[in-house]
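Only one chain comes next, encoded as structure tokens, the form predicted alone.
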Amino acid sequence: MLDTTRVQKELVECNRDTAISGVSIDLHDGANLTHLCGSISGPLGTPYEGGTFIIDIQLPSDYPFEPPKMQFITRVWHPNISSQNGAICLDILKDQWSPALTLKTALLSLQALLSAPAPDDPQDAVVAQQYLRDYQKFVGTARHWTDTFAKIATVGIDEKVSKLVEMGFPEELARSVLEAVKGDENAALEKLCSG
């Protein structure tokens, strides 16, 4: 059975120093502790710098004795992350998991993985081959994917906020919700309408 007390403590601990660590975790649907949403900032000095990467986190019923199931929701160009479905190849999410590890250490490990890819143990063979054979092209592609999928588009945000304000939503709320959903108007409207 899921240790809910531990999970709640881990959420508080993870979100305590988000500005420093660059990682955070929220409840996915507001109440269910088994389905979480993680966020990691792209590490400085990498093609992922400036991006915010969203990770779907599913906790098995016997967590922390079994590893969390994590998958990138944000598309990312990386040898150890599937460019198709966000699956992650990382030992601590598989056979090297220990109950001494936490959700925060798992997210920090994903952040470290962005800094130090392991192309010899790939999740995505195409990306790994590009990394090994044409590193500059890999960096350019990874940067492009970060710009396209992991950065909030500030261009057009003001127009989207104006549309939501015209619908009767407060400007500050509209802006913060749009930023939270990376500028996706439909997702913002759905979130605003659901309360």
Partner chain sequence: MADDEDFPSSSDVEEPEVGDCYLSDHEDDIAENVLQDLEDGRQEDCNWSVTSVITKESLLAAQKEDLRKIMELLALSEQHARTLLIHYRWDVERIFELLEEKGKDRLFSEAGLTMSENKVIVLSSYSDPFTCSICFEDVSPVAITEMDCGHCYCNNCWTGYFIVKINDGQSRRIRCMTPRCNAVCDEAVVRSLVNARHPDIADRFERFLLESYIEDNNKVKWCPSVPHCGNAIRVLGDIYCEVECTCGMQFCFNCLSEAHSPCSCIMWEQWTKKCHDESETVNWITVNTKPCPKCHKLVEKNGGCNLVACICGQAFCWLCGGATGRDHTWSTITGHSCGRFKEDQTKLIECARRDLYRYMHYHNRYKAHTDSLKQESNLKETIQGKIVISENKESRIKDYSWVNNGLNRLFRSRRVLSYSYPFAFYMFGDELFKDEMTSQERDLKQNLFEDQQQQLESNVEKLSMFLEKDFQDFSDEDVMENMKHVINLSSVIDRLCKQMYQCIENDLLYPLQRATHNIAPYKSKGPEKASELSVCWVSNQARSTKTTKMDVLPNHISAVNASGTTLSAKRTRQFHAASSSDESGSSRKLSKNESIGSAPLFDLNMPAEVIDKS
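Positions refer to the first chain, counted from 1. This is a predicted model, so every value here is computed, not measured.
Absent from the display: the form predicted in complex with its partner chain. The rest refers to it.
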{"item": "Answer range among 68-76, 100-108, 81-89, 115-123 for contact with its partner chain, defined in the predicted bound form as heavy atoms within 4.5 Å", "value": "100-108"}
{"item": "Its partner chain: the contacting residue among 158, 62, 134, 166 in the predicted bound form [heavy atom, 4.5 Å]", "value": "62"}
{"item": "is_contact(residue 16, its partner chain) in the predicted bound form, heavy atom dist at most 4.5 Å", "value": "no"}
{"item": "Residue 194, heavy atom within 4.5 angstroms of its partner chain in the predicted bound form", "value": "no"}
{"item": "Contact set, 2-24 vs its partner chain in the predicted bound form - heavy atom within 4.5 angstroms", "value": "3, 5, 6, 9, 10"}
